[in-house]
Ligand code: NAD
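The chain below stands alone and is given in structure tokens; this is the form predicted alone.
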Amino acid sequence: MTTLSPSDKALVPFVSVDNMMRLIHHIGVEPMLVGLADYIEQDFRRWELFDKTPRVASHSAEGVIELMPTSDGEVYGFKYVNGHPRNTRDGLQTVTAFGLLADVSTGYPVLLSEMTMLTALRTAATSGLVAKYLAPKGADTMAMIGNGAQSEFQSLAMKALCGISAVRLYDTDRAASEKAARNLAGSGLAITICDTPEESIEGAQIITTCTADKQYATILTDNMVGSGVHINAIGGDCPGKTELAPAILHRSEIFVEYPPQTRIEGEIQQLGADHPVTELWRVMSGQAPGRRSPGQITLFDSVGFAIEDFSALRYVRDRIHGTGYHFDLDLLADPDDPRDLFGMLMRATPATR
């Protein structure tokens, strides 16, 4: 992290939703997914440097509001994020978010950014990155079960990072699948809309589940999952919210981001606390194997972790310089004399009514 000069310290770069979209178009969706995956992989390989804690969550009947903090000792980051599945009924987003990076040596923020769009990208980038390590060789087809806001990002990430060429869509709301198919037209992916989840997994080597309801659900039953597939389970991400039949978990080699959080929020909340799982950072750093055999079922029990958001914010921080896709916020009081905050107030020109 470059130390800011005194004249710049009070101004904090802010990336709005509009500027985030401009930045994504400037870079390109697929190149940005690849870039984010690279930053995430870099940080997973230095996992032991980071402060780690399960996210701080405030749950309600309607959803959850969370803070996700971490630091590598030089830079501190956090994300504020909500998850409210019923929001879509009122025309609102299920997930919204913003995030911040700060210089540990001064405590001064160095980036404030929207993270609704960025979280969608980093979630998909993480899925694609993990599938590079766990999906069967030659995987070319993904079943995408649940065709809400994540479906297009997930599909493009698997294309950009794993080389898939076909996506089979299923959602209980066919309009959602039709939306996803329209959005992915021209992407280079062969898109099929399916009438049942069973139909969607026909010929798929990667199965992604991404449904929204906050309930113990069974999106995949045991008899639906054959040998050799990789399951990318991203919808079960809070207590009381799952997507997979427990029998699938017992047949799978399970990979997780941070066990203390995943055991609370992920599919493995259905299992005993001593059920073995493999941490992904150990796979990426070469300390543990990923897929070991063609017939193995691998399961990424994805709940999202603060280090991934930290990586995404680092990526944005490094990409906005010279682009104009941000503006500076006068967010911090910065008097000439740090001991004279009141004097700064008194010298300010009063607003005219």
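In this text, residue numbers run from 1 along the sequence as written. Since the structure is predicted, the reported quantities are computational estimates derived from the model, not experimental observations.
The next section is about a form of this same protein that is not shown, the form predicted together with ligand NAD.
S.K.: Which of 299-307, 280-288, 319-327, 26-34 has heavy atoms within 4.5 Å of ligand NAD in the model of the complex?
M.R.: Going through the listed ranges, the match is 299-307.
S.K.: Heavy atom within 4.5 Å of ligand NAD in the model of the complex: which of 167, 244, 210, 118?
M.R.: Only one option qualifies, and that one is 210.
S.K.: Just to be sure I understand the contacts: of 131, 97, 219, 110, which is the one whose heavy atoms reach within 4.5 angstroms of ligand NAD in the model of the complex?
M.R.: Partner contact (heavy atom, 4.5 Å) among the options: 219.
S.K.: Check whether residue 150 has any heavy atom within 4.5 Å of a heavy atom of ligand NAD in the model of the complex, and answer yes or no.
M.R.: So residue 150 counts as contacting ligand NAD.
S.K.: Considering non-hydrogen atoms and a 4.5 Å limit, does ligand NAD approach residue 173 in the model of the complex?
M.R.: Residue 173 belongs to the contact set for ligand NAD.
S.K.: With the cut-off set at 4.5 Å between non-hydrogen atoms, does residue 234 touch ligand NAD in the model of the complex?
M.R.: Taking the distances in the model of the complex, the answer for residue 234 is yes, it comes within 4.5 Å of ligand NAD.
S.K.: Check whether residue 145 has any heavy atom within 4.5 Å of a heavy atom of ligand NAD in the model of the complex, and answer yes or no.
M.R.: Although ligand NAD is absent here, residue 145 would touch it in the model of the complex, with heavy atoms inside 4.5 Å.
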